[in-house]
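Coming up is one lone chain in structure tokens, specifically the form predicted alone.
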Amino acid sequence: MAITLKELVTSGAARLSLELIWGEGRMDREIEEKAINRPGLALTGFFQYFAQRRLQVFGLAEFTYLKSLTPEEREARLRGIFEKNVPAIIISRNRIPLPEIRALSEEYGTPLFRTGMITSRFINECTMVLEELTAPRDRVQGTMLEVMGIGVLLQGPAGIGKSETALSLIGRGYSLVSDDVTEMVRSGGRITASAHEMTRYHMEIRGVGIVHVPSLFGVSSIRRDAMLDIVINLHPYVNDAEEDRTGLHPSEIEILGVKVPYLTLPVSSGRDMANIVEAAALNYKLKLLGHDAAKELDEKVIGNFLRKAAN
């Protein structure tokens, strides 16, 4: 997925410290590859594997090499890069652009930036911003919380009690990420969940209305985002004999191509759903530590049966 220079500058304003030197009317140019390139080899005239679809960053090494050349050589080497129609040129360490770079930027219509960051740090931060901008994303119905470090998404039909359950968990000291609608972003094989900017830190409680969670419970009651670890679907209770009551056959749900553990919890009068969701999060945490209660009990039962059969 290609993004524009304008999207990069807007999203990375606080992290990249980019200053536009030339090219205000060319900010719609697309960055087709999210990696960053340092054109050291290209400056020597070797273009066989030149990554022309990437942003080109000129650091201390590139500047030192260019200054060792005569003005004619410098212009010829730089022209070879600009002829490849690269998305933009970025100069690190707040260095003043060489006259040849500025002139060729205007000649070829290539935006020119500079940043006060050192080259390696800028490349790391810019790569992260590009990863975030190009990561697969989706919006799902559900209330997201963090319970003891476990990211829990509560889903279910309207009126089933998702927000009320979340409110009880917040009252116990856990944190709200989003209510009702949750933004999902895939990065590195994991899903990061967050709230829409317009509704962040707010909840709708039936009969009460909209509440501002940190104002009621303090700043520790909210999280800007959290990793999704488990999805819990709340549904009306039905006497279903086929429902798994042991946990020996765990289910999964796929979100943005990532499989996430999936539980279904029946809701009925008198059941403390906050307590059950808390127990489910604790049980999942124990599984991560290698302690699976259902499997351990199953192994004990089978072992006991085999010992009796042997006797």
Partner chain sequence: MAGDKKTVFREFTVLNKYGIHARPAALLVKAAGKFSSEIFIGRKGMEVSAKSIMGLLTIEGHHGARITVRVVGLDAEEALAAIAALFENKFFEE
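The model shown is predicted, which means the values in this text are computed figures rather than measured ones. Residue numbers count along the first chain shown, from 1.
What comes next is about the form predicted together with the partner chain, which does not appear here.
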Stretch in contact in the predicted bound form with the partner chain, which is absent here, among 87 to 95, 68 to 76, 110 to 118, 173 to 181 (heavy atoms within 4.5 Å): 173 to 181
Any non-hydrogen atom of I123 within 4.5 angstroms of the partner chain in the predicted bound form: no
Interface membership of R224, the partner chain in the predicted bound form, 4.5 Å heavy atom rule: no
Contact test in the predicted bound form: R102 vs the partner chain, heavy atoms, 4.5 Å: no
E204: touches the partner chain in the predicted bound form, heavy atom cutoff 4.5 angstroms: yes
Heavy atom distance at most 4.5 Å to the partner chain in the predicted bound form, all of L248, L282 and K300: no
Partner-contacting position among Q141, T127, T134, S194 - heavy atom within 4.5 Å of the partner chain in the predicted bound form: Q141
The partner chain: the contacting residue among V208, M148, M198, L216 in the predicted bound form [heavy atom, 4.5 Å]: M198
